[in-house]
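The chain below stands alone and is given as structure tokens, in the form predicted on its own.
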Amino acid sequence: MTGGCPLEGEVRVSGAKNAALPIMCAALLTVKPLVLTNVPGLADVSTAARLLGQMGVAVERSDDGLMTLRAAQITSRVAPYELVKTMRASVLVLGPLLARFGEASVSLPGGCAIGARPVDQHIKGLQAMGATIVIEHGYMNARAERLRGARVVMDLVTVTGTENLMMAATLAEGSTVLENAAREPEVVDLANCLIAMGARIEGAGTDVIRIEGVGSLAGAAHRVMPDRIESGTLLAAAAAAGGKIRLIGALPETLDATLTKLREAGATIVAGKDTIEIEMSRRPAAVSVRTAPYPGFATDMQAQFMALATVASGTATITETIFENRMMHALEMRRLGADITIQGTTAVVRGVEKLQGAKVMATDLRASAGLVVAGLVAQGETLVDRIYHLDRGYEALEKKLGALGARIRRVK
């Protein structure tokens, strides 16, 4: 990409990866079809479809975001290492398989580039619901005649842990209370889909979720929510590069922390029911961020805001509290001329007038997005390597930015 072009125009936001993946796994809870719309065309969605297909789920997809899943004939209750290692969200089959079939064998996820993401809260919660879980040869082998409702207090806020236990509890005997539950909008979207399938769930979006188990779930039709991280990434790109863009099909109420920080940086933002307009006519002001579980500032927006800070007026501190190793993009941004000092889990970013294009390497999904934002404002040409990370969570990002006037293309 060649930087220096302000962004202008409008673009449609895709469906949320972090909502689509757990909702796809929810298909395992019923013999009836689950029909989803607004499913994004992403590498992780394809991996999830492959995992479910390997278990016997019939998965039909079309290019317009329509997906139908039929889990009437499950032939395998195993999530193999080969698939789990490429996508940690594969662990979300554990709760549904255990609830419906009384058994599951799911590979431990293994290492992750951005830090430790243990599954101990998933195991602890399922054990409280009566499951026996033995870890053997790198797999979680789980059994339960029928899960029983329980009170589960999670030691730390975990999105996938909340989702796994909520799905398991829908078919458990009696009532389950999840305390210190994740409040993310994607948890609410999963709950809404499960409720459409006949589940009895209250409190999704708060830190206490109550689930009353039912005997079986039905099929349903559900539209996947818009991707708030894609929305935030496009807004951060416009704030860094300047110009005026309009997002359509967005969900502004899920982006409060991001929009607040963009306004602090000097952007003018107008949010409608499902649209967001941003205009940036000057050099951004430095804004400091500290990541936190929702409704705090999202860890998945940290790299993009670091890119914004590299060209801002003033000094910003960016503190990462969720993942202990999520600053690797800082080293790559330095190759573009950024002035960044790392002190533990905090980056001190002194804004410079201009970045210079260079060859950089993506280390994870959101790091790749941060490097793209930085490349949009760097003088000369920037080449981002290893963009397979980007394709895990962004649907045709280069086409969307290109439609807004960015000089960007994908090269083989």
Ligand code: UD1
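Numbering starts at 1 and runs along the sequence shown. Because the structure is predicted, anything quoted here is derived from the model rather than measured.
In what follows, reference is made to the form predicted in complex with the ligand, a form of this protein that is not presented.
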With the partner left out of view, is residue 107 within 4.5 angstroms of the ligand in the predicted complex by any non-hydrogen atom?
no
- Task: Mark residue 122 yes when one of its heavy atoms lies within 4.5 Å of a heavy atom of the ligand in the predicted complex, and no otherwise.
- Result: yes
> Wondering, does residue 18 line up within 4.5 Å of the ligand in the predicted complex on heavy atoms?
Replying inline: yes
- Message: Residue-level contact is defined here as any heavy atom of the residue lying within 4.5 Å of the ligand in the predicted complex; does residue 160 satisfy this criterion?
- Response: yes
The one residue among 203, 266, 130, 118 placing a heavy atom within 4.5 Å of the ligand in the predicted complex is 118
As a check of understanding, the residue in 312, 322, 152, 220 with any heavy atom within 4.5 Å of the ligand in the predicted complex should be identified as 322
**Asked** With the partner left out here, if you bring back the ligand in the predicted complex, are 89, 156 and 300 all within 4.5 Å of it by some heavy atom?
**Response** yes
Exactly one listed stretch (131-139, 235-243, 257-265, 292-300) reaches within 4.5 angstroms of the ligand in the predicted complex by non-hydrogen atoms, and it is 292-300
When the ligand is considered in the predicted complex, the residues of 170-184 having a heavy atom within 4.5 Å of it are 184
